[in-house]
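A single chain, nothing else alongside it, follows as structure tokens in the form predicted alone.
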Amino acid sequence: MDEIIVIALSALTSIAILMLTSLGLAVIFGLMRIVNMAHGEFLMIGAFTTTVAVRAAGFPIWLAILCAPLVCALVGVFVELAFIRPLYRRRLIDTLLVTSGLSLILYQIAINVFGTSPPGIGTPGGFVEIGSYTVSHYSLFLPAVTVLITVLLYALFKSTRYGLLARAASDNPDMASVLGVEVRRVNLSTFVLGCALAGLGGGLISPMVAVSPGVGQSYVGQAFMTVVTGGPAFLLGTLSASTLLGGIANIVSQLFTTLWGLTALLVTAIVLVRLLPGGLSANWSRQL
């Protein structure tokens, strides 16, 4: 019984990590249709911001994590104005090429500044004993904060003026502009929000992973598979896909190896896209 509980808690943590590392991409790709290949580097920036704030500045871990989305938001403003804004209404391949180049630049800058194996930070909090097993408090905290972030995002896009304008600017920018919506400003806000979410995800996972210039690249493929599998409901669809893919990957990893877990995630995503080309949320009445 204890083993089943530990496996279930581990699965919840894996689902939370997959959701946290996919949320920023879900907003930018799912809502704006921008293929942000630099998403992994924004995760990396968030993770490094947290690590540097703790180790060099002596910040408490929770304050350091809050710094991560702020730094990524500032970087996101520059990226949107300099690189993304000219690409609106262009082909997806154009955004893919530009953000791929940006990804390489940010990765090399991180190597030049931090090296290939910088020191990390420890996992905050203690441990709880479940029979002969121990589970960290932080691994229990991640699912709870993931639910909170998801609920707040849902409320933001569903119940606020910004959320209405963001969806309008995405669905029909010409009509939104005619009605007086400043589409460029709304797009900037949405892109920056996606970057901030990526930074927050990187900051939250930084105590549990080896933070390096390539840390984001470890998650960007899984994030894209999650968002694509989730379908047009960029928020709840991503949550559903994270639950399914993350749960399967974790259970297979527990039974076999981590490599088999990632393989199971990939195979499941391929099967779902083959059977449901529009994603899990293709037939949902509420596309959010």
Partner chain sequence: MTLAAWMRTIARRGLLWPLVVVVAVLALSPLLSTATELKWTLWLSFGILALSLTLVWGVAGIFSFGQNAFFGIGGYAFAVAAFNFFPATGETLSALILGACVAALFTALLGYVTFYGRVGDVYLAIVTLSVTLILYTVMSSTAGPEYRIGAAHLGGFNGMPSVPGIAFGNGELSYRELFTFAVCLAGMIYALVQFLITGRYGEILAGLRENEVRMELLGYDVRFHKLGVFVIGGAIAGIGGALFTAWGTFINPAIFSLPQAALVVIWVMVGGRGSLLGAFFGVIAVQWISDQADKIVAQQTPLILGIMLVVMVLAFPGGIVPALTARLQQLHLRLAPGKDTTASTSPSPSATATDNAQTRSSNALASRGSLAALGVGKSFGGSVVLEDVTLEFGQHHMHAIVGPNGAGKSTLFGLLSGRHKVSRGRVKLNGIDVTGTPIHERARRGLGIKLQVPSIFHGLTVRQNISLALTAPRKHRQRPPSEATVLETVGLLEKRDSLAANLSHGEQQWLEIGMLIAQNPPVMLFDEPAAGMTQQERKRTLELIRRLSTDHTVVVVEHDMAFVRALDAPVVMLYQGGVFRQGSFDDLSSDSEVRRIYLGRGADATHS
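All values derive from a computational prediction rather than experimental measurement. Positions refer to the first chain, counted from 1.
One more form of this protein should be noted, the form predicted in complex with its partner chain, which is absent from this view; the next part is about it.
In the predicted bound form, no heavy atom of Val71 sits within 4.5 Å of its partner chain. Remark: Leu262 counts among the residues lining its partner chain in the predicted bound form, judged by a heavy atom distance of 4.5 Å or less. Contact between Ile93 and its partner chain in the predicted bound form is found at the 4.5 Å heavy atom cutoff. Contact check for Leu236: no non-hydrogen atom falls within 4.5 Å of its partner chain in the predicted bound form. Proximity to its partner chain in the predicted bound form, defined as a heavy atom within 4.5 Å, singles out one entry of Leu104, Val147, Ile130, Leu140, which is Leu104. Here the chain stands by itself, but in the predicted bound form one stretch of 28-36, 45-53, 236-244, 59-67, 28-36, has heavy atoms within 4.5 Å of its partner chain. In the predicted bound form, the residues of 105-124 lying within 4.5 Å of its partner chain by at least one heavy atom are, in order, Ile105, Tyr107, Gln108, Ile109, Asn112.
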